[in-house]
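The chain below stands alone and is given as structure tokens, in the form predicted alone.
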């Protein structure tokens, strides 16, 4: 019988997690529906011969019950991803992320043998739950702002202003106790995943780790899915001779963590930790720097197109405070951005990339403008 069930185990983060688990001697079962937007064919491209694969959907409780038979650990990574798309496919995002996770706990409650076998659950949440980041004013100190007003964005005033004096403020690392805002349907659906796991951890006494992933990148991320991570979207544009498109002014910072570090943390969480944790490097990098470095590593003289436009649901700055992660899980050493980008470029050299950014933008403008 398998030790670990990995939902979404044929995907980007999931396949790396499965590889590490198998290498460490775990018996692994994968539940994945091979979502067409992520998998261009119904063939699993990152299959690990040491794992068992079930083609199933977390939206169906019977698929959960079948997949959970005999397992001691769950790493729940399956989910619909993408902030912009969640606005015009809100039912799908809620069905997959929120109801899909609810089905897990319904199955645990309904089948006593499943519940008695379980030792720990790890779930994928998202840093997008925070909404806007944490900031500090030179005069009035740190604060957690509300979403930037639309009129401010229309005036191309991108930076967050102190709510007391109105001066421009600088970003600080985000701690887990920051109030959550959930500025889009995607983040809200991921928060439901997280909160359900914490509620049932308390009610059923099952140790649970919920990771709030920051910007994950690396090999196997779909280069033809315009709603995946920004690295893959930029890389797809560049491989097709098109400039990466950046909203606002390109100075917004994000925290980029390599998929190998995320997979390692998922495995480590089976042994350590309990509760909600940031999973990021704690290092902020401007968005336009990412676009420029990706172009340079590809030997391309293509500058990003900075639109000076804005998108509803976007925040200005964010990067992780990983003090709690280091304290409880002893995770502190992350792959450098330089090494991680080199790995991504090497892998992507022979990958097909269909640039669907224009399609995604046409959808956004249709529904949100």
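Quick caveat: nothing in here was measured; it's all calculated off a predicted structure. Numbering follows the first chain given and starts at 1.
We do not show the form predicted together with a small molecule, though everything after this point is about it.
Checked against the small molecule in the predicted bound form, the residues 278, 197, 86, 221 give one hit for a heavy atom within 4.5 Å, which is 221. In summary, among the residues 59, 46, 311, 316, the only one with a non-hydrogen atom within 4.5 Å of the small molecule in the predicted bound form is 59.
The closest heavy atom approach of residue 104 to the small molecule in the predicted bound form falls outside 4.5 Å. Contact check for residue 214: a non-hydrogen atom falls within 4.5 Å of the small molecule in the predicted bound form. Within this chain, residue 322 is remote from the site of the small molecule in the predicted bound form, having no heavy atom within 4.5 Å. Taking non-hydrogen atoms only, residue 306 never approaches the small molecule to within 4.5 angstroms in the predicted bound form.
Every residue in the set 11, 33 and 190 has a non-hydrogen atom no more than 4.5 Å from the small molecule in the predicted bound form.
None of 144-152, 284-292, 201-209, 118-126 except one has non-hydrogen atoms within 4.5 angstroms of the small molecule in the predicted bound form; the exception is 118-126.
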